[in-house]
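Encoded as structure tokens, the following chain is the form predicted on its own, with no partner shown.
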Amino acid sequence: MDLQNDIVVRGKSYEMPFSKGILARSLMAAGLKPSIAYRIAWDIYEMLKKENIKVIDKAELRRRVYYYLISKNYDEVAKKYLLWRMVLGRRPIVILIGGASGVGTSTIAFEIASRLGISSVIGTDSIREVMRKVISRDLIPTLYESSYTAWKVLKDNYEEDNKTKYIKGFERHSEAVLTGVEGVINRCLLEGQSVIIEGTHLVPTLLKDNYLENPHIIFIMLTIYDEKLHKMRFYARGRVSSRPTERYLRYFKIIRIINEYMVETAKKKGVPVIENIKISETVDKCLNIITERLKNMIELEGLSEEDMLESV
């Protein structure tokens, strides 16, 4: 590796150039504003250059960042930074971001992944495509429909109550996808790989309780309460995506019913619900929820800040 002019960060099985951008995103995840996070990342870089450090162990770099934050009176940020680095470095975390079509689950998932340095983001639409390869249309016809059109292939007659029909179709459709989701979760936990899974098929009442109760799995539900704003999201997405806007708008009434249903199921299972109006605010709220869950995990293990410093 020819990195004569760079500071090299050495992990257990890799070496990479020191990145001010990666460090800044980690600090933003801990609660710093972008401008301050990038300034501190630059300060850390300049400090290492001044000491003529060419190679630094990843754990040592994190300790230096922690103590630098403390020296600048960012005590709470330092604690969060330490928490994130310790947990993500040693424990697999599965973050589930659910929500009806159009509420922004994929956008928020990728933003959180960027802040936390989680490299794997999987959409439930992709898992659905895999399930379609192994399950025939004859066996589960709802799997081959969209979440908001699955009611069309139901064999039961729900004509007297359209809302019930739409929800039953959505549930049958999601149940098949959740089989694949649970397989992905199991594999990630087994291999120690953190992942974010996002999509409309993440229904709290359909997911087995052992996943909801697992401290390594954090579930967040997104919604948009305002109908007009929700519809505008489809128009906006249509301008930058190949997804068929007209199709979503044609079934918008059903998508709204699914949106209400997902919020209801989340509240029933104690899953936090966040209204996604502004991306930055939603990401901050999600990170606060995740941080609190991780704090509870660490407290249950009886670890102090000194213990975490030894563990990074």
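Every value quoted in this text rests on a predicted model; they were computed, and no experiment measured them. The first residue of the shown sequence is 1; numbering continues from there.
Unshown form predicted together with a small molecule; subsequent notes refer to it.
Triple contact flag 152, 175 and 250 to the small molecule in the predicted complex, non-hydrogen atom at 4.5 angstroms: No, none of the three is in contact.
Contact assignment for the small molecule in the predicted complex, among 233, 79, 165, 216, heavy atom within 4.5 Å: Residue within 4.5 Å of the partner: 233.
Candidate stretches 68 to 76, 187 to 195, 203 to 211, 103 to 111, one within 4.5 Å of the small molecule in the predicted complex by heavy atom: It is 103 to 111 that comes within 4.5 Å of the partner.
Close approach of residue 276 to the small molecule in the predicted complex, 4.5 Å, heavy atom: So residue 276 counts as contacting the small molecule.
Residue 171: touches the small molecule in the predicted complex, heavy atom cutoff 4.5 angstroms: Looking in the predicted complex, residue contacts with the small molecule do not include residue 171, since no heavy atom lies within 4.5 Å.
Partner contact for residue 237 in the predicted complex: the small molecule, 4.5 angstroms, heavy atom: Close contact exists here: in the predicted complex, residue 237 approaches the small molecule to within 4.5 Å, heavy atoms only.
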